[in-house]
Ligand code: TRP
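One chain is shown next in structure tokens, namely the form predicted alone.
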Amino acid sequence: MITPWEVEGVVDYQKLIEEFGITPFTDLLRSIPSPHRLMRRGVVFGHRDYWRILEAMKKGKDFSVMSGFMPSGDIHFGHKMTMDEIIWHQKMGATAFVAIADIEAHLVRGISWEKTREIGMGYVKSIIALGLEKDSFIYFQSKNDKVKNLALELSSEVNFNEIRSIYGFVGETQIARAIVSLIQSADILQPQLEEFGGSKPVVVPVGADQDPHLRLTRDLAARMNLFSLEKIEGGMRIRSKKNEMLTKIEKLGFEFRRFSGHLDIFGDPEKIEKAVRTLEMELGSYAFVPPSSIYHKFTTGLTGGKMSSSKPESYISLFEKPENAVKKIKNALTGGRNTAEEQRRLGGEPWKCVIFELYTYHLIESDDELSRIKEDCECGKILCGACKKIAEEILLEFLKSHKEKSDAVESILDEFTIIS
């Protein structure tokens, strides 16, 4: 079972790709300039419309990256994965939007507003310490009127049957979950509001459990628009909720054919889309581009299962005390054999090992170094105790550095745009 609030059982990523209609990320990997290690190593496994983002990167066009964090507990390496993806896209030219989902934490998890702010500021300091640059927009949902007002507008375009179908809600489900789902759709669409430059591609890096939010938001984006666009051979097909508005499309200067209920416009699809969306914004509508998304695999908990803020034994916090971090590493699940002799003879199984996953996702940047560790494990050259010792040293150095950088962030917070 996979929902935005709960993940149970073994996750079959191929099945997710097939059932959710996600496109495999490997299809695009060769086209990405300097791909992030999570992309190179197959941790990012799927996407929706990421071609829009690649096109914007390559042509130097305006685009944004947006994701959020629910301040319900300690920030851990599962959160760091999303932060790394936001920061990488910002370095590739995106304007970064970071939401602290305090409304969700308060309504769904029952956490006080005071506590959500305290936890949330830890997330803010962490993402800045990890490398987020100043041309970003960071906000707490409860303090962002643009997001709340947009969520109200979106609510008129969806009914409960649709919400129930997407999220699996039942009669006992709190209405709060529907409310926060609409707020998250508003989070995703906010970068395209007029105040932020209007219509543009936006990518949302998330775990697979968040895909229901993306499916809902893509539907809502289309419903909020005055015009809908569909690629056809040699151009675009344009429809409108208000058929009389199609006459304005005819005046854009493209060759066209008029049909009952739609226009076929011929020419460069990119130029047609830009002209139609510009016209829509001039007419006072949103012209939302369907949001793109990339999906990363879940971070395995130290004792198995999904890493979760509600299970302290499953994660290492980015602010973990050194002695606790060492203890958690020593107790972590590995891909080792029953005995040292057996492991030397048969080799280990790194694909089952939480320590190797930490190396892959976070602790080792060099692909060559990662391959060497994998080979040493598989041939029995290195045993789990020695491997954990290496991980311990790298981890303690990271935690020390992150604490120092996070403390230093305090003095420059006022240089960032933060609505809190």
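Bear in mind that the values here come from a model prediction, so they are computed numbers and not experimental data. The numbering used is simple: start at 1 and walk along the sequence shown.
The next section is about a form of this same protein that is not shown, the form predicted together with this ligand.
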Looking at the partner-bound form in the model of the complex, is Phe63 within 4.5 Å of this ligand by any heavy atom?
no
Determine whether any heavy atom of Met70 comes within 4.5 Å of a heavy atom of this ligand in the model of the complex, and answer yes or no.
yes
Partner contact for Gln210 in the model of the complex: this ligand, 4.5 angstroms, heavy atom:
yes
Gln184: touches this ligand in the model of the complex, heavy atom cutoff 4.5 angstroms:
yes
Ile119, Ile316 and Glu320 all contacting this ligand in the model of the complex, non-hydrogen atom within 4.5 Å
no
The stretch from 320-328, 245-253, 185-193, 297-305 that lies within 4.5 Å of this ligand in the model of the complex, judged by heavy atoms, is 185-193
Option touching this ligand, based on a heavy atom within 4.5 Å in the model of the complex, out of Leu226, Ala129, Val206, Ala221:
Val206
Quick check on this chain: which one of Val289, Ala101, Leu263, Leu150 has a heavy atom within 4.5 Å of this ligand in the model of the complex?
Ala101
